[in-house]
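Shown next as structure tokens: one chain only, the form predicted alone.
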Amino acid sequence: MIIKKFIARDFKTAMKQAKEEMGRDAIILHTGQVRKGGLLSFFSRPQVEITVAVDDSLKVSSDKARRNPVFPFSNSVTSKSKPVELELAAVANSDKREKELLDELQRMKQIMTDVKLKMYEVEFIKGMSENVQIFYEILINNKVEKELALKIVNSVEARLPSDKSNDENWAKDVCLHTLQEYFSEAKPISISNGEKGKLVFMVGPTGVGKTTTIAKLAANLAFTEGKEVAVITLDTYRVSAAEQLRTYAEIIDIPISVVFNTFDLEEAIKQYGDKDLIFVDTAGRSPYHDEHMEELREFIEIGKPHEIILVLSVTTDSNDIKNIYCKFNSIGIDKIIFTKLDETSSYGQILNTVYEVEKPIAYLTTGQNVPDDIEIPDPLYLAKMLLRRDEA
């Protein structure tokens, strides 16, 4: 292994020197700035220093490969197959080194981006009133993404009168008003007068609580609103899920059908055509499993639902939620239900998601109790949730 330092007036020149002397297989180990020695060094312009390394055996092989280019489709190389193989290996290793270098540069670029964002964040927040700074910290602690949190507090600061910046209650009211604008009005399931056979598919990944959520909605619609409800379950992968839903259906006194294929689905939909609402409980799907998603798409194409509601757990990371939404949105998503609010103390994932996907929230669930623990949120309610502090 050969390791050497190069010093130049800028990074580009230093890299050129390193490449000419060490070859293009050299890997950057360290970069930094240095000043010349002496009394006047303080006033001199700093220079760039890079430390690079290269495998000396690889350097010899790759230099040979560059001096003797290989043309794999030429007939003249058949008598020199062994040297050609060695040269090809050297070229392959060189390509691998270049890829590693590009990956490292990409990581460095991401680090620099993060550092710049942090510097911007510190300078940006430092110039704001104390109450707005506190508001920003609450948003971050609630897992609101930084870029979005900065956007929100910038709007709050602009709206806050200078003579009210130290008034905590005034600042909180401005914060609540600003947050509400990021939420559209909730859109729960509605049934028009005389409407029959409204079909609602509930979709989502495994473990988010689709079955329990359907039971809560069915019970509330049947008991509170006097609607005639039926349930169809496609979740034949888990016997426990079908049995759980059947038990709920018997308690609520509503019909239920378990279907195994698209033909059975068509028949069940026809059978319940006189009901006000038909819920379809789909099996939990991995959004990254193409076969599962294709099977779900076939059921949806046959059923032609009036609404498709994506059920998401608020305990899931925001980036994972976005990826899940993107995959399921290929089948068409109309609304979102967030579950398991009782299992977390931070609700930024809700704001991050609705800001990104621009879909209305239908319901929030706050526990396992049926038919309780389900709510229709409004923008003010959601805004207040995001201003909660963890007192633990």
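Note that the coordinates shown come from a computational prediction; the quantities given were computed from them, not determined experimentally. Start at 1 with the first residue shown and count on from there.
Beyond what is shown, the protein has a form predicted together with a small molecule; the following relates to that form.
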Here the chain is shown alone; which of P188, G303, G284, P255 has a heavy atom within 4.5 Å of the small molecule in the predicted complex?
G284
Among the candidate residues N141, N166, T206, S184, which is the single one with a non-hydrogen atom no more than 4.5 Å from the small molecule in the predicted complex?
T206
With the cut-off set at 4.5 Å between non-hydrogen atoms, does E295 touch the small molecule in the predicted complex?
no
Is there any non-hydrogen atom of Q244 lying within 4.5 Å of the small molecule in the predicted complex?
yes
With heavy atoms only and a cut-off of 4.5 Å, decide whether T366 touches the small molecule in the predicted complex.
yes
How about K327: is it within 4.5 Å of the small molecule in the predicted complex, going by heavy atoms?
no
Look at the stretches 319-327, 46-54, 352-360, 339-347 and give the one with heavy atoms within 4.5 Å of the small molecule in the predicted complex.
339-347
